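Given next, in structure tokens, is a single chain: the form predicted alone.
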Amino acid sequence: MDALNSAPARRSGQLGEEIEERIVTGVYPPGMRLDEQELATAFGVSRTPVREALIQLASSGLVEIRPRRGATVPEMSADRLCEMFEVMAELESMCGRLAARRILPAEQARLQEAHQACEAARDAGKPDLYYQLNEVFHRCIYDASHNGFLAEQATALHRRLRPYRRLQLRVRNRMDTSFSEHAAIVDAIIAGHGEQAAELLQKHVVVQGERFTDLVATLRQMNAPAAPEALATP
């Protein structure tokens, strides 16, 4: 029964990723209405997984669902996204600082395992798989902070920024850079160097305003997933 139930969940999850990528790259621009039947036809599925995917995207803010209007792509300015990345960087920094002080031996092992899994995905040249494992890596740090509220907030914002962080991994050498930064973060946390871990995580996530504006402008003109060098690694 679990296997039967998991297949639809996986399909709606895959649809969600495909739709979110089209939103980020401008294929589905701000203000566009996302008609369930049109999406179902486009992706060759029934309306049920499309509806579930839209609900998932609405929970992370990438889609707005309103009574009698259905789902639409919300307006999102480059400045707003830059602000969100600034907050994300500070949340990650706080998690790293606390994790270095509070991480347990079992959590250290999980963090190292997540790091090694990212290495395997990098070596295989699979950016989407790397990003999925990258989420596990960051979640290990959130959990090791032993601050439930902080972990909830970091997870929610990480999910909101997910497509922007995921697309950049397709840029040449970006996975290598991300993995190297991960290695330094792991070392700092396990060594108990809280301030160093905080600084490394902040730099790992933060983006620059003007370059980020250029990034978003470029993304909106593209019809295929990609991202320039301007955005920091996830």
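Small disclaimer: the values here were computed from a predicted structure and weren't measured. Quick note: we count residues from 1 along the sequence shown, nothing fancier.
One more form of this protein should be noted, the form predicted together with another copy of the chain, which is absent from this view; the next part is about it.
When contacts are judged by a 4.5 Å heavy atom cut-off, residue 139 does not count as touching another copy of the chain in the model of the complex. Remark: residue 102 counts among the residues lining another copy of the chain in the model of the complex, judged by a heavy atom distance of 4.5 Å or less. Contact between residue 52 and another copy of the chain in the model of the complex is found at the 4.5 Å heavy atom cutoff. Although the partner is absent from this view, residue 97 contacts another copy of the chain in the model of the complex, with a non-hydrogen atom inside 4.5 angstroms.
Only one of 128, 135, 113, 86 lies close to another copy of the chain in the model of the complex, with a heavy atom inside 4.5 Å, and it is 86. Site annotation in the model of the complex: the residue of 155, 72, 108, 147 reaching within 4.5 Å of another copy of the chain with a heavy atom is 147.
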